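Before any questions on binding or motion, here is one chain by itself as structure tokens, the form predicted on its own.
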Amino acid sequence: MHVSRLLLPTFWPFSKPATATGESKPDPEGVATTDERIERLVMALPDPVLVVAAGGKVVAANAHVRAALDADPLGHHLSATIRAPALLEAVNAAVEGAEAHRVELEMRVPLARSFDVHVAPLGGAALLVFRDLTREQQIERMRADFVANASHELRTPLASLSGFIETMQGAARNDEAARTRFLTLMRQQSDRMRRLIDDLLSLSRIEINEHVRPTGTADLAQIASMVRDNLDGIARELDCEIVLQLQGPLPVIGDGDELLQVVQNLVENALKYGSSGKRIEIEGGPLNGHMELTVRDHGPGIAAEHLPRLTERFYRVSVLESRMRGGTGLGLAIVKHILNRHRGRLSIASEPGQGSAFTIRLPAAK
């Protein structure tokens, strides 16, 4: 990427024109100025890097820093992209020639991010090199959360298994009917633990990469059709119909496998808790540069006080009903974190007796 001459301070003279692709031309004769070499170095570095001139304007920024900040700071005052007094003070000091300094930067929008920023003087400007600490911190948090969640949620099925085994070794040792019944219950509890561990691991993997925005494309209409086909057998067993009402292809920026998990979780939830309405509709279409997909059921609905908490880990409207239906309490939490990674949104509309509608909204692919 070539930095426009108009955006550069007077200390940074450029003599080489840009190519049609925006990259600086090769310098076979080795006559490029020092400032041109610095510009090329900024663009080539594998880390997020930007250069700030006196006055606070960003005069160089590579593609990595734009991806890390989820914004293009080039040509704008640094504070328009990063509102962190400590970092701005360090930049001003570096512009005036102070020694290199490190600043810890916490960003909350659009997602929580953590950076270690190296701020160094650069001939009347400041060079900022960002080191992303988000993944490291999320791994540590994931370990702690996994231990806490697993130990809490696995306690009940483990206690049940232990009780069944004790009974079969004692009072029901020679009772064939009791042994058969207990083995069935033990299988159910072991299946529940397996689903719980699978969901916990899935959620942990998603959270580790939640700050990394996908760059591929996927078709929500095709995904919805796949989910309908996958779950049609379960729907028929419940005497329920899954109906597609889609306005053509729905291309979005995203990871197809993760978005398949989102739609499948929503439809599975509708089957578990709304199949009494006998019909589940998957509707979708474009809206203001985004694509929306809604999973609607006609079941018992959800009271308003529960709606804000539905995406919390292990939150259940009815703990007993959720466990009876094989729920882990993590399905909507997984949906939320996948949508966060995709810079998407989930909205929920429901009233008791009127069914529920879960709508996802994602940036459309061009």
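Quick caveat: nothing in here was measured; it's all calculated off a predicted structure. Numbering starts at 1 and runs along the sequence shown.
Unshown form predicted together with a small molecule; subsequent notes refer to it.
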Have a look at I338, L330, V65, A60 for me and say which one sits with a heavy atom within 4.5 Å of the small molecule in the predicted complex.
L330
Quick check on this chain: which one of I302, L69, A54, V49 has a heavy atom within 4.5 Å of the small molecule in the predicted complex?
I302
Report yes if any heavy atom of N269 sits within 4.5 Å of a heavy atom of the small molecule in the predicted complex; otherwise report no.
yes
With the cut-off set at 4.5 Å between non-hydrogen atoms, does D297 touch the small molecule in the predicted complex?
yes
Answer with yes or no whether R316 is in contact with the small molecule in the predicted complex, where contact means some heavy atom within 4.5 Å.
yes
Any chance V42 has a heavy atom within 4.5 Å of the small molecule in the predicted complex?
no
Since the chain is shown here on its own, which stretch among 272-280, 89-97, 126-134, 241-249 would lie within 4.5 Å of the small molecule in the predicted complex, judged by heavy atoms?
272-280
